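Before any questions on binding or motion, here is one chain by itself as structure tokens, the form predicted alone.
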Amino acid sequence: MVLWWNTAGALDRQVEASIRADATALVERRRAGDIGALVSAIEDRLALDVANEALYLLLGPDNRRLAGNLSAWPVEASGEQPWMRIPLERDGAMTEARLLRVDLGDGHRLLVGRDVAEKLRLRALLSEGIAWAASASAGLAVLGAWLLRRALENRLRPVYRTAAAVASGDLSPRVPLTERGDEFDKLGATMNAMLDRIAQLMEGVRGVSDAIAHDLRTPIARARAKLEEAQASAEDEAALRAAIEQGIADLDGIARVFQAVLRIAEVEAGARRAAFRPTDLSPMLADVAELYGASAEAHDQHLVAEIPERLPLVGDRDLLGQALVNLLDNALKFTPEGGTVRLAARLGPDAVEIAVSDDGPGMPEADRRRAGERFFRADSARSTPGSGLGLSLVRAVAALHAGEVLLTDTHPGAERPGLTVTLRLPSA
């Protein structure tokens, strides 16, 4: 459409410019001489008009035709507008003329124009060409859109099927990937990673539910049995009171398990990130080492602390303290009498490392990969008290601080390799 308007407008402007220039030249000729000179100029122009497009009509004061190839003064030329477009019969055929009226004064009037039949035929040809081109373009656009839609449907059909299967409750399907590596493959890979993560979380939820049911069933059953036994066979008030106190202790243990699960969930949700502050961990490590040093001596164990003067970082001091307490609790729990627990901290160029080492039985490589799962306990820890939530909280705190937890042997190759848990956190 823009091409048509620009081309048609150019043709009209070309015709009008030619008429205006011709009329200006004739007016100048009239001013330079008498009316006869103007008549001669018009006749000369008609003689030189090979294309037979020029139109002229010169009338005198008495409306007598003096020169030109128009037979009569058209009615449209008597209006107020100097420009006009009128139908015209020439050589037995109808055509169209573009005319300009010029008043020469002293009663003489002049019409200068052009036969625009050829221009109209050119415009019609251009319009037809544009119409065909537009139709072809529209057809190609429709065909291209249809092909593109088919291609998109073919590439997205596996995604639809996978999403439908997941919506129906089946988390096993995955989006098949091609070797193209295009945006659809990236979308499929992202969906597969998301589904893997969802499946992992669902499995974790099921595992946590099973573990809670399993780990809490024993203390609840034990507390109930002791209370029922005391109710049925308590000999005196002291025995009944002891049974009640034991039941309360078992219930407190159950409450601690729930409290630990809730705290891990809170940490994993990032709710504690608002408590992040610049802090120095050295004083906190020293206080914990002093507290647990006394506990170690009471069990004929040794606690060695190597703490630098400063350990600056940005984080939640309380959560980090709880994580360290969990690590020391585990280390003292698995270290035999006469053994050594080591607390070592180091400030690196970009990280703070806190390592807790023990002389216990250690942990097999297969168990290390699962360490940190809620309620997971290695075979070597089955006989010791605990709920399997300590390392879960440590890993959650490390993840909240954009850190990591590493498990290695304290004495590689030894009969009792021990375990070293390193908490690595970004430094301030």
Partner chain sequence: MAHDAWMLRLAPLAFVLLATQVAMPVAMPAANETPVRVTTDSGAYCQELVVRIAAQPNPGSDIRLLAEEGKRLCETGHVRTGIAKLRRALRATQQGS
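Residue numbers count along the first chain shown, from 1. All of these numbers come straight from a predicted model, not from anything done at the bench.
The form predicted in complex with the partner chain is left out here; the points below concern that form.
None of 235-243, 129-137, 143-151, 164-172 except one has non-hydrogen atoms within 4.5 angstroms of the partner chain in the predicted bound form; the exception is 129-137. Think of it this way: in the predicted bound form, the partner chain has a heavy atom of just one of 314, 194, 221, 75 within 4.5 Å, and the residue is 75. Shown without its partner, this chain lists 81, 200, 231, 71 as candidates; in the predicted bound form, only 71 has a non-hydrogen atom within 4.5 angstroms of the partner chain. Using a 4.5 angstroms limit between non-hydrogen atoms, residue 336 is distant from the partner chain in the predicted bound form.
Although the partner is absent from this view, residue 32 stays clear of the partner chain in the predicted bound form, with no non-hydrogen atom inside 4.5 angstroms. Although the partner is absent from this view, residue 308 stays clear of the partner chain in the predicted bound form, with no non-hydrogen atom inside 4.5 angstroms. Mapping the unseen interface onto this chain, residue 63 falls outside it, with no heavy atom inside 4.5 Å of the partner chain in the predicted bound form. Contacts of stretch 48-67 with the partner chain in the predicted bound form, defined by any heavy atom lying within 4.5 Å, are made by 48, 49, 50, 52, 55, 65, listed in sequence order.
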